[in-house]
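Presented as structure tokens, the chain that follows is alone, the form predicted on its own.
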């Protein structure tokens, strides 16, 4: 596979013969790349095949080919459409609030003041925590009997966890609290990329603060905002750890597709149907991401 190579290094008292650095790099890196490709590609194609079959990994039978039956069942069932609608509503609200709050925080932190780095680090702590740990922590905070939220806002025994009409919004609050710092950090990087001479030129022309924001700050920082939007949309659509830690899977859980997918795969053991649902989610995320990337390319041009 590799040609035999020989390099000789002569010194005052020794001679070294060995392989070139590029060849050594290939020897160590290629097996790792091949292993990663096998680990990632095989489950991808195997699950795609199972999505066209009637199969349960629990029963350990032979997959029965049914074509697009699983996809037709999912796309014609009103219950699944309701869950996709709820997830879309969740994604729109969560991502929009995170973008607005994250950019506002970045705009405030972009000003020069003492302990600026300290505040940025402290605000970034939530996104460094495990989502499962965050969900469990907020489960205690939202506790209807002795949770601090009900006590602080004098809400009585409001049930943030078990009430299906409310726990979707409690999940949103936790998601926003955890991932707004991610948008903030990207926004800080975007604001730092704006050249100061543009602001100086605008001040010479007596431009208003709104004019400078709309025509200088926002257009230059927009590409990083779009990148934040892409990542947060993908992750929000697949959100699982936070609602799972807050409510678990069942009748009281929020009607999110990730929880429904988990229920199909590991409670009902309907492997074929769950694989089809996973690929529907994948296609939706790819379609939305493609729209964002096209808009990002237009901004760069």
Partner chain sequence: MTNFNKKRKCVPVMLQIVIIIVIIIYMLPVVYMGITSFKPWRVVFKVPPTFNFKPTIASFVRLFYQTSDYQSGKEPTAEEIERMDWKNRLMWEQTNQQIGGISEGPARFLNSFIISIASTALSVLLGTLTAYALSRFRMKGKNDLMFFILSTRMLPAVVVTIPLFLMFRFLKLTDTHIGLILLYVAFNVSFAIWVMKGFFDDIPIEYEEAALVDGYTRMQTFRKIALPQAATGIAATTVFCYIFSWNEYAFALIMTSRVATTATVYIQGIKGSLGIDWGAIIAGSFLFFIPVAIFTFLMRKYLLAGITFGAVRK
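Residue numbers count along the first chain shown, from 1. The shown structure was predicted, so the numbers you read here are calculated from the model rather than taken from an experiment. What we label the rigid core is the largest C-alpha set whose atoms superpose within 1.5 Å from one form to the other.
Absent from the display: the form predicted in complex with its partner chain. The rest refers to it.
Colleague: Considering its partner chain in the predicted bound form, find the one stretch among 162-170, 83-91, 222-230, 70-78 with heavy atoms no farther than 4.5 Å from it.
Modeller: Among the listed stretches, the partner-contacting one is 222-230.
Colleague: I'd like to know whether residue 51 contacts its partner chain in the predicted bound form, with contact meaning heavy atoms within 4.5 angstroms.
Modeller: No, residue 51 is distant from the partner.
Colleague: I'd like to know if residue 256 sits close to its partner chain in the predicted bound form, meaning any non-hydrogen atom pair within 4.5 angstroms.
Modeller: Because no heavy atom of residue 256 falls inside 4.5 Å of its partner chain in the predicted bound form, the answer is no.
Colleague: Does the 4.5 Å heavy atom contact test between residue 205 and its partner chain in the predicted bound form come out positive?
Modeller: Output for residue 205 is no: heavy atoms all beyond 4.5 Å of its partner chain.
Colleague: Does residue 197 make contact with its partner chain in the predicted bound form, using a 4.5 Å heavy atom cut-off?
Modeller: Residue-level check for residue 197: no, no contact with its partner chain.
Colleague: Just to make sure I understand: among 212-229, which residues lie within 4.5 Å of its partner chain in the predicted bound form, judging by heavy atoms?
Modeller: Those in contact are 212, 213, 217, 224, 227.
Colleague: Taking the rigid core as reference, does the Cα of residue 267 move 2 Å or more between the shown form and the other one?
Modeller: Where the cores coincide, residue 267 shows only a C-alpha shift between the shown form and the other one that is less than 2 Å.
Colleague: Under a superposition restricted to the rigid core, does residue 280 display a Cα displacement of 2 angstroms or more between the shown form and the other one?
Modeller: Shift at residue 280: below 2 Å after core fit.
Colleague: After a core superposition, would you say residue 28 shifts its C-alpha by at least 2 Å between the shown form and the other one?
Modeller: Yes; residue 28 is a residue whose C-alpha shifts (by 2 Å or more) between the shown form and the other one when the cores are overlaid.
Colleague: Are residue 292 and residue 211 closer or farther apart at their Cα atoms in the predicted bound form than shown, with the shift being 3 Å or more?
Modeller: Compared with the shown chain, residue 292-residue 211 is farther in the predicted bound form.
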